[in-house]
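Given next, in structure tokens, is a single chain: the form predicted on its own.
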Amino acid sequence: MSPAPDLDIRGLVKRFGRFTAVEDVTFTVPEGSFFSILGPSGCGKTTLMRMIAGFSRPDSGDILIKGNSTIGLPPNRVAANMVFQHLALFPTMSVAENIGYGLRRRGHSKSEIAERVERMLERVDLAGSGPKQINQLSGGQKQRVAIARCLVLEPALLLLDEPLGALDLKLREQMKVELKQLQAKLGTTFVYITHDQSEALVMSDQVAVMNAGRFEQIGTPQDLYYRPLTAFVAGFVGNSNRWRGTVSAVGAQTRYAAEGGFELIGQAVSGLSVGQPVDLFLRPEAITLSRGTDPEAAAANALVGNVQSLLFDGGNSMAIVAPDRGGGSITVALPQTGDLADLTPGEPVRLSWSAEQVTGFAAASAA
């Protein structure tokens, strides 16, 4: 018999008056994994997390941690601890006192507290920092102290509510890597909520994309990025060129007439019919960009146009191209070979992409 998952959510519903914040959410988190809930502000992420932590009670459904229901338990009896965005460290206490706070509240002896705090400091790579004051720490070190304060209580789950949101960009990028490495080192199950897709994709074993109180898709970061199941996931995870269009032909491939006057050819998609409105997605990095206006660019899934503007951002640089036929513009990732480092606005270019890169979904108004 396989062990119970660390977290098992079954049909969870939470309403505030006539507004449903969480609607029929079901998922499991295996032991020792990093699970993220990704979604825009107001989608229900924090409400869901507060129910898991015991701060809020669901209207229906069940929450099981290590196979045991937590419905009705006060937060201090739920086998999960929560790290908040603003950390809530005690500024008048030392690092060691902050980490040992929960153990003191539970009545552990001074010697046991000292031993467990020192061991936890080593595990989060802060050995010898116990006597320091909180204001002597960097942002990343404070983050690790907040995590250590939770982990020293040996919870089954560590819940993290947008803990990197208050950090500057460079430190946030660094802490994404550190958190992933720390979770792998500790082996504790992390449940992480964020609106930042990069955080979710970089750190997680599994990601749930949440929208309007529901989970749109659960999968690996690669599943969500390369194989989105809904238009919302395709548009929210990663960057995409997006068009509204209609289906012009179905069969071994699906042909779309995109608004703007050009055709896209994609993979065969079940459930679509000729004339049906669709939302179409094509990622900037899936497009091949080259100089000139080769006649072959008149073929399917190829366009010619002129560079409208360049957005230089090192390895994430983009070109905005105005196609010769059709309106609007197309965003294209610049190759990292350096071959197009001298590309300038106004230059003629050709764009091409494969059918496998075109993703089409029934338009929301027609769903």
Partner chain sequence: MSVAALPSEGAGRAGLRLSLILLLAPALLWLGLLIILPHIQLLALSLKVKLGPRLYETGLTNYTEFFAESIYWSTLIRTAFISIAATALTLLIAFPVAYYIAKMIRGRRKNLLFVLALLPFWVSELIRTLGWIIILRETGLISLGLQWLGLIDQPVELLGNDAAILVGLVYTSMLFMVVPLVTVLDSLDDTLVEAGYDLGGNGFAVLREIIIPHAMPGIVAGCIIVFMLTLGNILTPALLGGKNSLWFTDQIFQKFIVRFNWEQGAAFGFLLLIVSSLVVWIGLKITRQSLASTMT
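Positions refer to the first chain, counted from 1. By rigid core we mean the largest C-alpha set that fits within 1.5 Å across both forms. For clarity, every value in this text was computed on a predicted model and none was experimentally measured.
Below: the form predicted together with its partner chain, not depicted.
Student: Just one of Met82, Ile113, Leu126, Leu179 has a heavy atom within 4.5 Å of its partner chain in the predicted complex. Which one?
Tutor: None of the others qualify; the residue that does is Met82.
Student: State the residue from Gly235, Gly139, Pro277, Pro75 whose non-hydrogen atoms include one within 4.5 Å of its partner chain in the predicted complex.
Tutor: Residue within 4.5 Å of the partner: Pro75.
Student: I'd like to know whether Ala88 contacts its partner chain in the predicted complex, with contact meaning heavy atoms within 4.5 angstroms.
Tutor: Yes - in the predicted complex, heavy atoms of Ala88 and its partner chain come within 4.5 Å of each other.
Student: I'd like to check something about Phe55: if you look in the predicted complex, is any of its heavy atoms closer than or equal to 4.5 Å to a heavy atom of its partner chain?
Tutor: Taking the distances in the predicted complex, the answer for Phe55 is yes, it comes within 4.5 Å of its partner chain.
Student: Can Arg104 be called a contact residue for its partner chain in the predicted complex at 4.5 Å between heavy atoms?
Tutor: Judged by the heavy-atom cut-off of 4.5 Å, Arg104 is in contact with its partner chain in the predicted complex.
Student: Just checking whether Thr92 would be counted as a contact of its partner chain in the predicted complex - the rule being heavy atoms within 4.5 angstroms.
Tutor: Judged by the heavy-atom cut-off of 4.5 Å, Thr92 is in contact with its partner chain in the predicted complex.
Student: Which is the contacting stretch out of 267-275, 96-104, 213-221, 283-291, given heavy atoms within 4.5 Å of its partner chain in the predicted complex?
Tutor: Result for this chain: 96-104.
Student: From first to last in sequence, which residues of 127-145 have any non-hydrogen atom within 4.5 angstroms of its partner chain in the predicted complex?
Tutor: Nothing in this stretch is in contact.
Student: After core superposition, I'd like to know whether Ile134 moves between the shown form and the other one (criterion: C-alpha shift of 2 angstroms or more).
Tutor: Superposed on the core, Ile134 moves its C-alpha 2 Å or more between the shown form and the other one.
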